[in-house]
Ligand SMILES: NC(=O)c1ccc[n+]([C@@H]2O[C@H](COP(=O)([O-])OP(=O)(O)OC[C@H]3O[C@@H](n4cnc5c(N)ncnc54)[C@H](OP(=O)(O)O)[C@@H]3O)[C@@H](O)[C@H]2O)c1
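Next up: just one chain, as structure tokens, the form predicted on its own.
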Amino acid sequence: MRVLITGGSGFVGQRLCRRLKEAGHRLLVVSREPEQVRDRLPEGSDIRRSVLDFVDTPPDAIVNLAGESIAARRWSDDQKKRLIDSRVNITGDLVMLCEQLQASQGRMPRLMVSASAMGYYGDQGDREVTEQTPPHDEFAHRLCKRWEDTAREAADFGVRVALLRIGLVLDAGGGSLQKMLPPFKLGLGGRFGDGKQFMPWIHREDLVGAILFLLERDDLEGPFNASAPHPVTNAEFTRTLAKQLGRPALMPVPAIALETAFGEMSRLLLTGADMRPTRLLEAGFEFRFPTLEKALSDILG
């Protein structure tokens, strides 16, 4: 089938594109700089600058992964607007594509898998969080809600919408570990604050597997927590990573230092949610890397 992917040249998107190509699917990729990303994508990928450029090549399915990194810089008012716009605008373009295809009586996508994030729930303390847990109202929640609400509009055109609330994505060569590994390898790693905040995480291979799982199932829609079934606290994550590297982790970072350095964005590091992939497990999805020990052992060799 033809799969339209936004964010296809990113950390998750590149691996997804490779897996889709291996499975025999045709790739339609949106990128503002087609020539610069061509070498990151499988040969034969159809790369165009805009979602709406594909109105003459209707996709059978859509995977929406686009969005500026939420932890790239402090959350000024301008940065908050950029974070929202980078997600909502391209998602809105996907909805508009569905609308145009319906108006022209073209072939409609049967499914859109749209990324969201664990930030949808906000700070949940230590209670177990499923897809039914009410969110805590804060910026990360409002950002994710607008993102999800825009994606849900595709359902008005008969498109089944699945929303993936993604935890920290772990693998070599990018994602959360890329920033963590240098200090930990030097023995300078440590917990953030008191370390009691939960860190939902997922191996990149399992995240890609979950996307493929949703693409193959015609009976699944709505929100899905995309995180491993065994989340850990920040302190547990720190100990496990240090043990895998054979290094000490005796340099905790005080909460006040993070709040001073990052302002409101420090909430990403100091709060969390004990998020469980309840609906994926109920649907029969099997994680290759259900525990942090197994994931880090695979990633770090």
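The first residue of the sequence shown is number 1, and the count goes up from there. Just so it is clear, the structure is predicted and the values come from calculations on it, not from any experiment.
What comes next is about the form predicted together with this ligand, which does not appear here.
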Each of G7, E68 and G167 having a non-hydrogen atom within 4.5 Å of this ligand in the predicted complex: is that the case here?
yes
In the predicted complex, the residue from V12, L20, L292, L280 with a non-hydrogen atom within 4.5 Å of this ligand is V12
Considering L214, V129, C98, A117, which brings a non-hydrogen atom within 4.5 Å of this ligand in the predicted complex?
A117
Proximity to this ligand in the predicted complex (heavy atom, within 4.5 Å), stretch among 153-161, 183-191, 131-139, 84-92:
84-92
Does any heavy atom of W147 come within 4.5 Å of a heavy atom of this ligand in the predicted complex?
yes
Counting only non-hydrogen atoms and a 4.5 angstroms cut-off, does S31 reach this ligand in the predicted complex?
yes
Can you check whether M265 is within 4.5 Å of this ligand in the predicted complex, heavy atom basis?
no
Evaluate L269 for contact with this ligand in the predicted complex, applying a 4.5 angstroms cut-off between non-hydrogen atoms, and reply yes or no.
no
